[in-house]
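Coming up is one lone chain in structure tokens, specifically the form predicted on its own.
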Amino acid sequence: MNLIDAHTHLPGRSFGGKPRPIADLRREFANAGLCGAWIFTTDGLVMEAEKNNNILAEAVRGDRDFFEPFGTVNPHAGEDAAIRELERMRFELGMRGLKLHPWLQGFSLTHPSVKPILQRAGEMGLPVLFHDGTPPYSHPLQIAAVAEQVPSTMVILGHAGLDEAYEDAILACRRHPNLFLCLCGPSCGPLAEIVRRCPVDRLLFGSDGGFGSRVIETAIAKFHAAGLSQKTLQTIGCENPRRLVPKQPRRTDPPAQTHQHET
């Protein structure tokens, strides 16, 4: 089975980690059973988003057949600065999505920059993956409330609520057609319940790969232990991520539309 991991990380210096060669990371991921991965910055979530977006883009430059990089922006930088960086990520660096972490980045979903950032991401066809499942700013229903305001943007709950809030993640997924769940974190019981009650075409496989050893193998084993059919595994692990982030030539042309404010 082809398996694309929709939740992996480029190791950085945050959280006591250290950078690793991308060739080693790719080899580890492939040996674990992946044919591709969405990969996020870690250091960029706690410092210098622009610098760390550059580091991520350069790291995967020769491995874009395997890795799909997701950059980040800091809502606290203000709407204009955040959207300039979002556009640079898309059109200069070739990023394929946006990762936001309200808990680490310390912003509320009611921050005035959040909706415009999500709106512009949707205009550019970038899915937005949120860390979720940990209070105070990352509850699934908080993220669902802002997803409702940007119906043309694909919003992903990166942990499907974890075990503590998976019921709310199910509710959010069933209520909002632009909201997807990445099954990175829930244990076997909640995972099986999510798959049973949610549209399967809005679910993704994820592992938190890049943090520690055998993380991906453990996540794959959990999916099998949950008793999912091969057809369901293929839909979640390959078809859905390919649909959200299709393989295509990387555009480097300038944005067709620049962000403007009303005066």
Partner chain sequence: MKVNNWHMKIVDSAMRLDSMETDGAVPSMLDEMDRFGIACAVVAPADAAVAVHNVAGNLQMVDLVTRYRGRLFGLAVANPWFGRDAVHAIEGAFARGLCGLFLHPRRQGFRLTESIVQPLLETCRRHRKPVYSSTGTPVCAEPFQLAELARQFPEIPFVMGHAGYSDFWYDVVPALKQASNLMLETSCQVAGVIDGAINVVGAERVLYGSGWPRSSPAVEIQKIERMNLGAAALRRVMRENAMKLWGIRP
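Positions refer to the first chain, counted from 1. Computed from a prediction, not measured in an experiment: that's the story for all the values here.
The next section is about a form of this same protein that is not shown, the form predicted together with its partner chain.
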Exercise. Report the residue, out of 65, 48, 217, 201, that has at least one non-hydrogen atom within 4.5 angstroms of its partner chain in the model of the complex.
Key: 217
Quiz item: Heavy atom within 4.5 Å of its partner chain in the model of the complex: which of 177, 106, 78, 189?
Solution: 189
Quiz item: Should residue 193 be counted as a contact of its partner chain in the model of the complex, where contact means heavy atoms within 4.5 Å?
Solution: no
Quiz item: So in the model of the complex, does residue 163 come within 4.5 Å of its partner chain, heavy atom to heavy atom?
Solution: yes
Self-check item: Contact test in the model of the complex: residue 131 vs its partner chain, heavy atoms, 4.5 Å
Solution: yes
Quiz item: Going by a heavy atom distance of 4.5 Å, is residue 222 a contact of its partner chain in the model of the complex?
Solution: yes
Quiz item: Which of 50-58, 37-45, 222-230, 22-30 has heavy atoms within 4.5 Å of its partner chain in the model of the complex?
Solution: 222-230
